[in-house]
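Read the single chain below, which is given as structure tokens and is the form predicted alone.
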Amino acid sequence: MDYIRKQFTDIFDLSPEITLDLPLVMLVGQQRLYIENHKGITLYNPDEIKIRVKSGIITLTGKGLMIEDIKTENLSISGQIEGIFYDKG
């Protein structure tokens, strides 16, 4: 099924984050992070946040991290962002 979706995405020149349910991560300086297509939060504290996505876990490290807004498919995090890590496992 993913192969068919990828072909469809390529043929019609669509955004893969929409058709393949891939995460879209946008970092604004070191102060704000937006993630689309998340699947939930697995760890939350002021120094580390783990966000589940279709293909793994995105870990955000820093100081004073806070979830500003969370909706079904997107979220916004603020604070002093020091690292973003992607674990495909």
Partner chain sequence: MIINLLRFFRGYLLIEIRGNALERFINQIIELEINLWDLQRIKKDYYLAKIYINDFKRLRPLVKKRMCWVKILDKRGLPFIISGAQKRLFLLSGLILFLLILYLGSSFLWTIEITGLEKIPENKINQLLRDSGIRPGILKREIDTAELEKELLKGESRIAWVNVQWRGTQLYIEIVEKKIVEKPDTGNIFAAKNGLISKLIVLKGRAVVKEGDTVTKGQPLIITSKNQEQAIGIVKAHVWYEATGSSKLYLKEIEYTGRSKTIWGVKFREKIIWLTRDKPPYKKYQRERQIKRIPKWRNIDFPIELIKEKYKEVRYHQEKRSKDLCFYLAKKKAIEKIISEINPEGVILDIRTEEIAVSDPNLIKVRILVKVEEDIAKLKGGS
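Residue numbers count along the first chain shown, from 1. Remember, it's a predicted structure, so these values are computed and weren't measured experimentally.
Keep in mind the form predicted together with the partner chain is missing from the figure; the text below concerns it.
Only one of the listed residues (Thr61, Gln31, Ser55, Thr42) places a non-hydrogen atom within 4.5 angstroms of the partner chain in the predicted bound form, and that residue is Thr42. With a 4.5 Å cutoff on heavy atoms, Leu22 does not count as touching the partner chain in the predicted bound form; it lies far away. Shown here without the partner chain, the chain has Met66, Ile67, Glu68, Asp69, Ile70, Lys71, Thr72 in 52 to 81 lying with a heavy atom within 4.5 Å of that partner in the predicted bound form.
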